[in-house]
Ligand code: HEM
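Only one chain is shown below, in structure tokens, and it's the form predicted alone.
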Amino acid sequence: MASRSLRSVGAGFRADGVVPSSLRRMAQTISNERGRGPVSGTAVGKRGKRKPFLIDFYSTAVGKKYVMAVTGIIGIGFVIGHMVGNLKAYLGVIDHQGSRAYDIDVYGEYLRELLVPILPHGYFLWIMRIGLIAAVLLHIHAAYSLTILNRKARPVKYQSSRDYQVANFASRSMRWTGIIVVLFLFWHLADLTWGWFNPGFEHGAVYRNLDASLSRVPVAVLYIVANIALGIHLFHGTWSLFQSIGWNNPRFNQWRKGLATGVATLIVVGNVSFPIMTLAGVIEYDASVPSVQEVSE
């Protein structure tokens, strides 16, 4: 094939019969291409060790999209479950073991008692928290890695407003709403789990700590803003996760949009109600109600 290529450009030969260097390089390239074996999706050296499947899969753009989708589903499930549990604050005081107690405090103690005595008190709850944090970190890393890959694929940004006409506000603001949500998650743990920012924090007194935190106007505003950002992030995340795993069909777009809208609306309305109702006095702590620990003793 190399000789045929040279004959096809015979007019370019010099009069002394010497083949020009450019033609020699072209012939060498063609010859190399013929001798090269099939190219696989992942370049592996002759002596290199093959990576484990999951790590090798995650190194691809498709793998990162799957990780974002799976961790996104974990996050959505946690947020919905967390909100449903917090709605117990509206049930107020109930009868618990012959005494009065806040229903949300009983629920909190139930979570700490999961898998006891197989595991010590509170251990399984922290396993779930660590799993959630790991999912968040994987989600962030996959999102960042995909951003880098996209920039390498298109180093020059669009120079017109067409980019903004195609994408909606939720998709364009995913990076910033994600940052707000991560910062809020840290605040939320420090406020209501660790008690660093909660005045007079009492371990296990969920209702009391909730009232003490959200009765402060700046904190209530922070919770409202953060949950609106969470709703925007969840709207686009729920919409796009189906596309990330290949379930993208125009026939399903309508119910995908409906599901994304429903999830985002449910979370925002439910979570934003807590600071609003606390400021309105609907959620108000009564010190005469004993804690779950006192009832159990």
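None of the values given here were measured: they were computed from a predicted structure. All residue numbers are counted from 1 along the displayed sequence.
As for the form predicted in complex with the named molecule, it is not shown, yet the points below apply to it.
In the predicted bound form, every residue of the candidate spot (75, 143 and 179) has a heavy atom lying within 4.5 Å of the named molecule. 174 is the sole member of 93, 87, 174, 106 with a non-hydrogen atom lying within 4.5 angstroms of the named molecule in the predicted bound form. 79 is the sole member of 101, 79, 214, 226 with a non-hydrogen atom within 4.5 Å of the named molecule in the predicted bound form. Only one segment in the set 268 to 276, 53 to 61, 250 to 258, 232 to 240 has any non-hydrogen atom within 4.5 angstroms of the named molecule in the predicted bound form, and it is 232 to 240. Though the partner is left out of this view, residue 69 does reach within 4.5 Å of the named molecule in the predicted bound form, counting heavy atoms only. Contact check for residue 139: a non-hydrogen atom falls within 4.5 Å of the named molecule in the predicted bound form.
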